[in-house]
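In the block that follows, a single chain appears as structure tokens, in the form predicted alone.
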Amino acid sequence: MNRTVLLTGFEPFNKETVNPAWEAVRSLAGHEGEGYRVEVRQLPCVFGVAGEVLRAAIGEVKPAVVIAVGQAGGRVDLSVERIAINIDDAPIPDNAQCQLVDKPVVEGGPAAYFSTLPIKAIVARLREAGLPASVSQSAGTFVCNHVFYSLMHQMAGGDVRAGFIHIPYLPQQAAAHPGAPSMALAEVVRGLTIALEAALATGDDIRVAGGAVD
């Protein structure tokens, strides 16, 4: 029986006409590999609602692995997030024109959750495949972190592996942001495939340096 991997990506936000997360994720809809099948869902870039849509998708799909994917303009690589924090502090409004400031994602929830993906094994496999990748120590405080925290709160205590990966702009987006790094869609799709297969195949994560000085 194939295990199901749920991938999510956001709709465009902040005046962008495309979101590389959704473009990459939807490219993998229905993809089947050895022992697994991919389901995808688009999430609204809206506080609260995004978590509700994700919760419903998990209930419907009953996945073995969940990887939420988000755009991080300015990042230079595939950034595998380590930790989700219990705070919404939006530098810009979401797509419902809501700008939460210093609000918990879950009232009374833990301060933070760690990803349950084998984050360092994923980074190692991505690098072995010639893709730039790193462990990220912060998913920000916008809707990406909101979804990441909501996901980990829902999965707490269970056996579903879950986490978040940030990706750079697509080249056509970077053209409108001079100096911004980008990554081709095909490379992002290849990277997500490697990441989900690592999440399915890896037991205990590897122990290698992946921290940050600042």
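Remember, predicted model here, so these are calculated numbers, not experimental data. Residues carry their position along the shown sequence, with the first being 1.
Here the subject shifts to the form predicted together with a further copy of the same chain, a form of this protein not shown in this document.
Q: Given that the partner is absent here, state which listed stretch (26 to 34, 65 to 73, 154 to 162, 51 to 59) has heavy atoms within 4.5 Å of a further copy of the same chain in the predicted complex.
A: Looking at the partner contacts, the answer comes out as 65 to 73.
Q: Report yes if any heavy atom of Ser182 sits within 4.5 Å of a heavy atom of a further copy of the same chain in the predicted complex; otherwise report no.
A: Judged by the heavy-atom cut-off of 4.5 Å, Ser182 is in contact with a further copy of the same chain in the predicted complex.
(Q) With a cut-off of 4.5 Å between heavy atoms, is Ala139 one of the residues that contacts a further copy of the same chain in the predicted complex? (A) So Ala139 counts as contacting a further copy of the same chain.
Q | Partner contact for Pro44 in the predicted complex: a further copy of the same chain, 4.5 angstroms, heavy atom | A | Residue-level check for Pro44: no, no contact with a further copy of the same chain.
(Q) Contact with a further copy of the same chain in the predicted complex for Ile85, defined as at least one heavy atom pair within 4.5 Å: yes or no? (A) Ile85: contacts a further copy of the same chain in the predicted complex.
Q) Any chance all of Cys98, Val189 and Glu197 sit within 4.5 Å of a further copy of the same chain in the predicted complex, going by non-hydrogen atoms? A) Zero of three within 4.5 Å in the predicted complex.
Q | Residues of 164 to 184 having any heavy atom within 4.5 Å of a further copy of the same chain in the predicted complex, listed in sequence order | A | Read in sequence order, the residues that approach a further copy of the same chain (within 4.5 Å, in the predicted complex) are His166, Pro171, Gln172, Ala174, Ala175, Pro178, Gly179, Ala180, Pro181, Ser182, Ala184.
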